[in-house]
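One chain comes next, on its own, written as structure tokens: the form predicted alone.
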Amino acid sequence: MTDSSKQHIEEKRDVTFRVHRFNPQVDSKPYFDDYTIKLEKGITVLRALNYIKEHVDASLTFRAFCQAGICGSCAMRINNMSKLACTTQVWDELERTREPNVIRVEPLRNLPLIKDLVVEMDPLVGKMQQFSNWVDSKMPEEQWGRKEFLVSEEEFRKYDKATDCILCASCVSECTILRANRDYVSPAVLLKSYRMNVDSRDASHEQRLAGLVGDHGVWDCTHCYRCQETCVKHIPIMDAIHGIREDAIERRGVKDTSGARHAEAFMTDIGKKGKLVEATLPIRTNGVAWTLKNLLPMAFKMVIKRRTPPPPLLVKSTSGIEQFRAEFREMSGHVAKDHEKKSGE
């Protein structure tokens, strides 16, 4: 038998899946079960979980549907990162494991747990309803169905990437703000809102934007970029968030919300000194009354621990400030021209 006619045999290995388990009807708290099965190279995590459910433990519960990376149903945390189980190769994960040949599988974070690897999606759907994540057509109702409501290819490119979102909630799971505040709008809703606001056929732009700049809205994002880093469709979610902020400042002004005022104060400090004047930043963002009411106790603790920021007069400009200011003005000029161009369109 020649070498070319020999049957190809894939590498096989015993792999342990450490799977999060919780049945609210019988369990007082979550726990982990270990399932060790022999797999060959080329198997996805979802296929491995299907094997465990069919041949080892029929009680294991998880969501799955298309098995092709389209529906988003099988999103879960695999080795401490939110992913789609149907597109995640076991062999790739074995290279990232902390413990040899052990893959840890958990449900998405920041959403209520139902059972095992299944989470409740209603909170996300509710926020999408709250912020009208659909196109409210400008076309008069009597014209519906009689003619197409078209957009140009150039306009579509502005939100083309955003339409790739499959609502798997991986970005929601990895959002650091949602871990601290479940009322935060969430990156998935911000992405969908951006897609609707950019669409010229939409009639709810101002209403939607007013909600997005309110409490727990777009200004609460801390730019950790976790949502974008874990997006299974590689969508530039942070570009959408920045787009909403720029739109809010342009349409509603820099005095509209504390987030907008914070952004203005930040840019003013950077333009003048190349660094933040932290001592007065809370006052310029939220006012004297709010600062005294909410930050005075923390200020006393900082004084005791000698961690107070320097007074404004003692904040010296960064080295090379003149060159930096020139570059800053040039950058600001480009941004202003971009805004003028968008307004003209």
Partner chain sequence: MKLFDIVIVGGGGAGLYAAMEAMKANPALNIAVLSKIYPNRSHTSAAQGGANAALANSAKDDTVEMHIFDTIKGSDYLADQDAVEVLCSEAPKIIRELENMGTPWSRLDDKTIAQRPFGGAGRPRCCYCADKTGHTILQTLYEQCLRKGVQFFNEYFALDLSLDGSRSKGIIAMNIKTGKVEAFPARTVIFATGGYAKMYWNRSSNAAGNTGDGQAIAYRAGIPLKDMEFVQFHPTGLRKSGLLVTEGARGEGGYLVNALGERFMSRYAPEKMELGPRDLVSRSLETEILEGRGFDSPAGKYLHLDLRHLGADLIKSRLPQIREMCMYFEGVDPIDEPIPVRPTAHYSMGGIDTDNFGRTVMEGVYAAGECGCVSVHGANRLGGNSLLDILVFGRIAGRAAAEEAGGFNPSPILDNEVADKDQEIRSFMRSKGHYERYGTLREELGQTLGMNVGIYRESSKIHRGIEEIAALKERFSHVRVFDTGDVYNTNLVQVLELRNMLDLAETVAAGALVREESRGSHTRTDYPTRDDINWHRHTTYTLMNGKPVLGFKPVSMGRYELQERTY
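Just so you know, these numbers come straight off a predicted model, no measurement behind them. Positions refer to the first chain, counted from 1.
Unshown form predicted in complex with its partner chain; subsequent notes refer to it.
- Within 4.5 Å of its partner chain in the predicted complex, a heavy atom is found for all three of 65, 137 and 141.
- Interface membership of residue 24, defined by any non-hydrogen atom within 4.5 Å of its partner chain in the predicted complex, is confirmed.
- Looking at residue 147, you'd find a heavy atom of it within 4.5 angstroms of its partner chain in the predicted complex.
- The closest non-hydrogen atom of residue 156 lies within 4.5 Å of its partner chain in the predicted complex.
- Contact annotation: residue 70 falls within 4.5 Å of its partner chain in the predicted complex, judged by heavy atom distances.
- Here the chain stands alone, but in the predicted complex its contact with its partner chain, taken as any heavy atom within 4.5 Å, falls in 85-93 among 222-230, 171-179, 85-93, 262-270.
- Of the listed positions (308, 286, 280, 61), a single one reaches within 4.5 angstroms of its partner chain by any non-hydrogen atom in the predicted complex, namely 61.
- 115 is the sole member of 115, 242, 205, 216 with a non-hydrogen atom lying within 4.5 angstroms of its partner chain in the predicted complex.
- Annotation for 162-176: interface residues with its partner chain in the predicted complex are 163, 164, 165, 166, 167, 168 [heavy atom within 4.5 Å].
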